[in-house]
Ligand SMILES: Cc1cc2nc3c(=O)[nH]c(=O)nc-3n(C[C@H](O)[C@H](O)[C@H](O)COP(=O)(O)OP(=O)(O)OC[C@H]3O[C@@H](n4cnc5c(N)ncnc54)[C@H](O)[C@@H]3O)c2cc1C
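As structure tokens, one chain now follows by itself in the form predicted alone.
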């Protein structure tokens, strides 16, 4: 079965990787001159589930995505995988309520998810932390750009190949996998896709910050230094839809670090930055499933800031739909929650 995939970011390349495992023949069409040209092209990305206080379709999706991703990361080389752990700081009242509920209701066990007091958080992090935190020992970082490349190994890829009309594609099925650009297709034009701009900042490590051993999330985030450089981010601008660099964003990322991790205050040299537009939906959940079953047109989009995990689980779901095998791994409630039909 030949599957045409429109889009060469995480959503598209993850589909290619999973489809091959199901005996299908994926072909990627990417409009730009490289894989991962947009939000999927960062050198460092944090992978964490989207936390919910209760169990349900969202918890099912992101929990499944987390553990499926760990299986994949273990076998892929050259993706800069660092399962260093993640501390999500309890730095507002909403998190003070939601994080303990998450740890209890998700039922992962303390070896995979637990609340820690500030003292233990400091011991885990290697630097002083002034907040209690939700700790995920198996979270960490990976290179989204490298991941796209590894996912697409052995796959027929057409770069600089924009698709304007799906009727021009010859395949047994088509998967629209990408972001805001999918709105140009009549089949997806009704979907309420929303753009969110984000800029990440690279800073040179200081003597103190070099001690950081895990990722920290506090509304922004910082990752442990790689070759003396921290990835710091990210801005979240719903009102912008461009990828031009904004100098103030680098300062905002640094000031946010100072506010919530005062132990890391200091003079940092900015060594780089990257901006991209992520795509989300009004209910902040991916849109995955059949757009037109008769014509075999499917979609994977709106992965937002959790695309490293959600794109892989979305690909597994689409593979189940296309092959007719494995749908039982997804509840009916989750299928409805993911469905593009929820916006009709």
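Numbering follows the first chain given and starts at 1. These numbers come from a predicted model, not from an experiment.
Omitted here: the form predicted in complex with the named molecule. The next part is about that form.
Asker: Counting non-hydrogen atoms within 4.5 angstroms of the named molecule in the model of the complex, say which of 139, 143, 234, 102 makes the cut.
Answerer: Looking at the other structure, the residue within range turns out to be 234.
Asker: Find the only residue in 289, 304, 57, 64 having a heavy atom within 4.5 Å of the named molecule in the model of the complex.
Answerer: The residue from 289, 304, 57, 64 that makes the contact is 304.
Asker: Quick one: find which of 207-215, 74-82, 264-272, 181-189 has residues within 4.5 Å of the named molecule in the model of the complex by heavy atom distance.
Answerer: So the stretch in question is 181-189.
Asker: Taking heavy atoms only, is residue 299 within 4.5 angstroms of the named molecule in the model of the complex?
Answerer: No - in the model of the complex, heavy atoms of residue 299 and the named molecule never come within 4.5 Å of each other.
Asker: Would residue 221 sit within 4.5 Å of the named molecule in the model of the complex, counting heavy atoms only?
Answerer: Yes, contact at 4.5 Å.
Asker: May I ask you to check whether residue 162 falls inside a 4.5 Å heavy atom distance of the named molecule in the model of the complex?
Answerer: Yes, residue 162 is a contact residue.
Asker: Do residue 200 and the named molecule come within 4.5 Å of each other in the model of the complex, heavy atoms counted?
Answerer: Residue 200: contacts the named molecule in the model of the complex.
Asker: Pull the contact list for 1-23: residues with a heavy atom within 4.5 Å of the named molecule in the model of the complex, in sequence order.
Answerer: Stretch hits, in order: 6, 7, 8, 9, 10, 11, 12.
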